[in-house]
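Just one chain follows, in the form predicted on its own, and it is written as C-alpha cells.
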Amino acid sequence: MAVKQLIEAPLVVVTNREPYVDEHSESGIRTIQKAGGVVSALDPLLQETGGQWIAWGSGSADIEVSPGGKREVPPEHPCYTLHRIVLNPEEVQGYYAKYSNQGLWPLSHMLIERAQFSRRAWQVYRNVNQKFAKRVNSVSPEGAWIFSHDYQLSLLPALVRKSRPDVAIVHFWHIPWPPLTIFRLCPQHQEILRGLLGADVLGFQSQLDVDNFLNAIERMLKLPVDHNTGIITVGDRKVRVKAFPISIDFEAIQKLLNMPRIQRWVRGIRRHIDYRNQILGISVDRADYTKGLLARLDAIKEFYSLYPQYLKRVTYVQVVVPSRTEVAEYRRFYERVSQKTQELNQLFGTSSWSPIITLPHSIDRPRLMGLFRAADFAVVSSLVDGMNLVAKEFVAAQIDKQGVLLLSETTGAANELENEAFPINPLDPEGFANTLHAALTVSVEERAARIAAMRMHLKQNTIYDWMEDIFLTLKMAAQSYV
C-alpha cells in the first residue's frame, strides 16, 4: 500500500528543523536541502500530496526570502508551503539550547548528572511551543492530519487540540523515553505528559519506550491505561500509543552506490586497503556525549593493547561532526574527543601510520554510503540511542557483504539487528575489544550470512513502511471519532 493512498486529509508536518534552509554566501543566497531520515522521506511525500510544513526558520537568509513567513518549496519546482517560525536569540537559547538540549535531551538518555532545568527556560520553551501551535492552527485546513515531531515540541499536541478539535494529530518522539524514576526528575513532567496527550496517536521507537510512557501516565496522571492495546483514556478521547521503529530508504541507498563516480571511489579505496593488507573501520556520529565517543576511544586503546597484531593493520576512521556548538558543554566535549584521539595516535602510531583518522565534518551522502560499502567494520557504540540510523545505513550499503557491524546493546537498532550484529557494551572496553577481535576473525561465509539477513530485514522494513504504519494507525484513530 503506497503511503500517498493512505492520506485522506490535508497533511501538515511540524518539526523543529526545516527541510530547506536559505543561507547567505559569497555568491548570494543559496538554498540547502537538509539531510536526515524524516526529512528525506517526508519531503518527497509532500511534493506528491502538497500540504504545509512548519519549522523554525534558522537560516541566515530565511526571513529575507519568506514574505509573511512563507516559502514555496522546493525552490526549483514548488510543490508545498514551508512556514518558518521566527525565533529571537533569547528564544533559541531558552527553547532549544537550554530546555530542550540541556534538559530533556540528557534526561531522556538517562544521563541524570548532565540534565539542567530552569524555570526561565521552561517559560521560553512553553512560549515557543505556543508560537508553533498558533501557526499550526492558522494554516491547517479543516480536518487536517498533523504530523508533529520530537521532544522540542512536546506541548504542541495539546495546544493544537484545544483550538482545533477537528484535526487528527500524530506525534512521534524520536529519542528514548526514560523510566518513571528518571522522567519524574523533570520539574515539568506533568505538563509534558499532558501536552503529548493532545495527540490521537503517539509513536515511540521501541516497546520499552511505550511501556515507560504508559507507566508514567498511569502513575503520574492516574489515567486509565490498557497496557495490552496501548490505549489511554483521556476523558471522552482515546490516545493510541505504539512503537514505530524508524528506518531508512533502502532503495535510495542502492541507487547512490550505483552512481559511476561512487563505484570508482569505492574501488579506489578498496585497492588502497587490499594492497596494503589493511582493515578499515568506520563510525559516524555527531559530537554528542550520548554517542559514547570517549568510551569508544578507551575500547580502541584496549583493542590495540590486547591485540598488537592489529597495529599498522587496522585503521579506524571516525567521522565526528561538531554539534550544538552554541552550547559550551558540547564544545568542551568535542575538544576532549580531539585530545584523546591525538593521545592514542601518539601512543600507537608511527611516522607512516595513524590508527585513528578523524574527519571533523559531515560527508556528502553518496560518498558516505560509498565509505560504508568499502569498510570492513562499523562501530555504533551509543550509550543510549532511540534508534541510530547509521547502523542501518551501514548494513544497507554493504552490497559486497564483507563487513561486520558492532552495535551497542542500548540502541533501538539492536532490537532489530542484534541477532546478526556483534553486540557490545559501550562501557566495557575489554569486552568491546574482544568482540572486535572476534568480529574480524569470523569466516567470510559467516560475515556474508549476517549481513544478508540484516539487509533483507531492512529491505522489508523501510522508512516508507514506517510512515504507512503511522498513517494507517492515525487513519483508524480518526475514523473512530466519526
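Numbering starts at 1 and runs along the sequence shown. Since the model is a prediction, treat every value here as computed from it, not as a measurement.
In what follows, reference is made to the form predicted in complex with a small molecule, a form of this protein that is not presented.
Enquirer: Between the options Val314, Ile217, Leu257, Ile175, which residue brings a heavy atom to within 4.5 Å of the small molecule in the model of the complex?
Expert: Flagged contact: Ile175.
Enquirer: What is the one choice in Arg336, Arg286, Arg237, Lys242 with a heavy atom within 4.5 Å of the small molecule in the model of the complex?
Expert: By the 4.5 Å heavy-atom cutoff, the listed residue in contact is Arg286.
Enquirer: All three of Ala9, Ser148 and Val170 touching the small molecule in the model of the complex at 4.5 Å, heavy atom to heavy atom?
Expert: The answer is no; none of Ala9, Ser148 and Val170 reaches the small molecule.
Enquirer: Among 396 to 404, 301 to 309, 363 to 371, 155 to 163, which stretch has residues with heavy atoms no more than 4.5 Å from the small molecule in the model of the complex?
Expert: Checking each option against the 4.5 Å cut-off leaves 363 to 371.
Enquirer: Is Gln205 part of the interface with the small molecule in the model of the complex - any heavy atom within 4.5 Å?
Expert: So Gln205 counts as contacting the small molecule.
Enquirer: Is there a heavy atom of Lys291 lying 4.5 Å or less from a heavy atom of the small molecule in the model of the complex?
Expert: Yes, Lys291 lies within 4.5 Å of the small molecule in the model of the complex.
Enquirer: Using heavy atoms and a 4.5 Å limit, would one call Val321 a contact residue for the small molecule in the model of the complex?
Expert: Taking the distances in the model of the complex, the answer for Val321 is yes, it comes within 4.5 Å of the small molecule.
Enquirer: Consider Ser108 of the chain shown here, and say whether it contacts the small molecule in the model of the complex, taking contact as heavy atoms within 4.5 Å.
Expert: No, Ser108 is distant from the partner.
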